[in-house]
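Before any questions on binding or motion, here is one chain by itself as structure tokens, the form predicted alone.
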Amino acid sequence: MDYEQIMQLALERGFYFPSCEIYSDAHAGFWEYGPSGTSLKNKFIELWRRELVRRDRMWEIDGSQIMSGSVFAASGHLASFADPVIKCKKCHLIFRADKLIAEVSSIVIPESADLDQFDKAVAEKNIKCPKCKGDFDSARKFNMMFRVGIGPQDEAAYLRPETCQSIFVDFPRLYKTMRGRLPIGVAQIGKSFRNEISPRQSLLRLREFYQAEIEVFCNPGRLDEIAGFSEVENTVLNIMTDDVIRPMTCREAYESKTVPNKLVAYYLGLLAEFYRKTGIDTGRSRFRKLGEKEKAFYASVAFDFEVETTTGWLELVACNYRSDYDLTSHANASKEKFEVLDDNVKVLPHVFELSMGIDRSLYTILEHSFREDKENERVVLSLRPYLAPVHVGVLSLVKKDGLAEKTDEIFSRLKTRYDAFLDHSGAIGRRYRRLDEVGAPFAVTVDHQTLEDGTVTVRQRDSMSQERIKEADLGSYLSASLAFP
């Protein structure tokens, strides 16, 4: 199994495909979800809400995608949200410096490194333009924000490069109107936009992408007073420091000071438990602690939750302790007050962030669920039943003798409660294979015996086992099998 097989499955089974693909001027980095992908995405989001947002009594908001330039001046994005690039003097093509150097020479330079480090590597390794073999200009920074002109005066605004800034600027109103009490998480799902230099590999690097963001506002003097810590203290985290992965429980990570406080350990534990329930192989995951040169400019402590795929280790979630950087910046720029009362003491909250890439997470779920069953000549997408785009296929063995009508009747009863798919066409084995490829955990087949005794055949996707159950029991059978854990 490799990336190309996942790509083929995605295209053929309606998971995702390039935007505007019928036109030659379509831009890279824009992808669209088909029916299967949209269904999987929606179920992934609902699991996220259940396991994180509702479990921890967070507030969820839906902020604007276009925001004032003042927001990003205060946040530092206008000055610092940039990638290093180098331009060929001959053909004028532009490349991302850190990626090209790594591909050509295997030298890894953090994207936040000083520009002279990229120039030095290009010179020492005599790196030339991959297209024309020309020399490069000196490295420079390229800001990845998309500018938007507002109104007839073309006033500057920007598509948000991350979803969290509306959470920060809305915090004073939210805390007051929702009668807040620290610590409190504020969550948001939505699209962000980054003008990536060379987007590639479908969902893995996009210019328009989905984020599930959580910002936890906390009292910096009470980071070890976390009521729910006992719920996750035995959850195992694979933490990578100094290039070594060490499995440890949340309590061990806290007591060894591998993580700075209980609040961080608690939310890393929640995140690990969430991804285990998505079906991702968490044995191939790690929380990689970032060094000083790797951290975002706003982070004092940072972990990247990464999962191993056929394309390498893939970052799915950035876990950043942002301290009071954001609230202080917006308070200074706006002259508004961001302090709140916590047990009658005025504090400026600190923030711990879980910034999740939904698109990358979905790709990883697909890859970790994909298997080739060569013995039975089939491809199987072994998704967790509650995440499957199609919960159940409803099939007639043949279309004659009243079986099609009976199948339609059963489908009509199931379709509003479950994601059901009706299929009368083709050999029954071929229809099973199509359902296996889209990840449907169950197939219900209506045959002549159904007309005699009111039973149907239910086929299990992974084992291919079949059992007869009463038609009247189908609803309770599916509800029990498809319930969230």
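Rigid core here is just the name for the largest C-alpha set that superposes within 1.5 Å across the two forms. For clarity, every value in this text was computed on a predicted model and none was experimentally measured. Heads up: residue numbers just count along the shown sequence, starting at 1.
Quick note: we don't show the form predicted in complex with the RNA, though the next part is all about it.
S.K.: Want to guess which of 180-188, 120-128, 343-351, 396-404 is within 4.5 Å of the RNA in the predicted bound form, heavy atoms only?
M.R.: Partner-contacting stretch among the options: 396-404.
S.K.: Is there a non-hydrogen atom of S323 within 4.5 angstroms of a non-hydrogen atom of the RNA in the predicted bound form?
M.R.: The answer is no: S323 has no heavy atom within 4.5 Å of the RNA.
S.K.: Does any part of R378 reach within 4.5 Å of the RNA in the predicted bound form? Heavy atoms only, please.
M.R.: Output for R378 is yes: heavy atoms within 4.5 Å of the RNA.
S.K.: Indicate whether the RNA has at least one heavy atom within 4.5 Å of a heavy atom of E51 in the predicted bound form.
M.R.: No, E51 stays farther than 4.5 Å from the RNA in the predicted bound form.
S.K.: Can you tell me whether A28 touches the RNA? I mean in the predicted bound form, with a 4.5 angstroms heavy atom cut-off.
M.R.: So A28 counts as contacting the RNA.
S.K.: Check each of E306, D359, D83, E367 and return the one that places a heavy atom within 4.5 angstroms of the RNA in the predicted bound form.
M.R.: After the contact test, the surviving option is D83.
S.K.: Give, in sequence order, every residue of 419-452 that has a heavy atom within 4.5 Å of the RNA in the predicted bound form, or say none if there are no such residues.
M.R.: Result: S425, A427, I428, G429, R430, Y432, R433, R434, E437, T445, D447.
S.K.: Core-aligned, is the CA shift for R140 between this form and the one not shown 2 angstroms or more?
M.R.: Where the cores coincide, R140 still shows a C-alpha shift between this form and the one not shown that is 2 Å or more.
S.K.: Superpose the two forms on their rigid core, then report whether the C-alpha of V236 is displaced by 2 angstroms or more between this form and the one not shown.
M.R.: Stays below the 2 Å threshold, so no.
S.K.: Quick one: in the predicted bound form, is the Cα gap between G149 and R140 smaller or bigger than here? Answer closer or farther; it shifts by 3 Å or more.
M.R.: Closer together, which means the C-alphas of G149 and R140 are at least 3 Å nearer in the predicted bound form.
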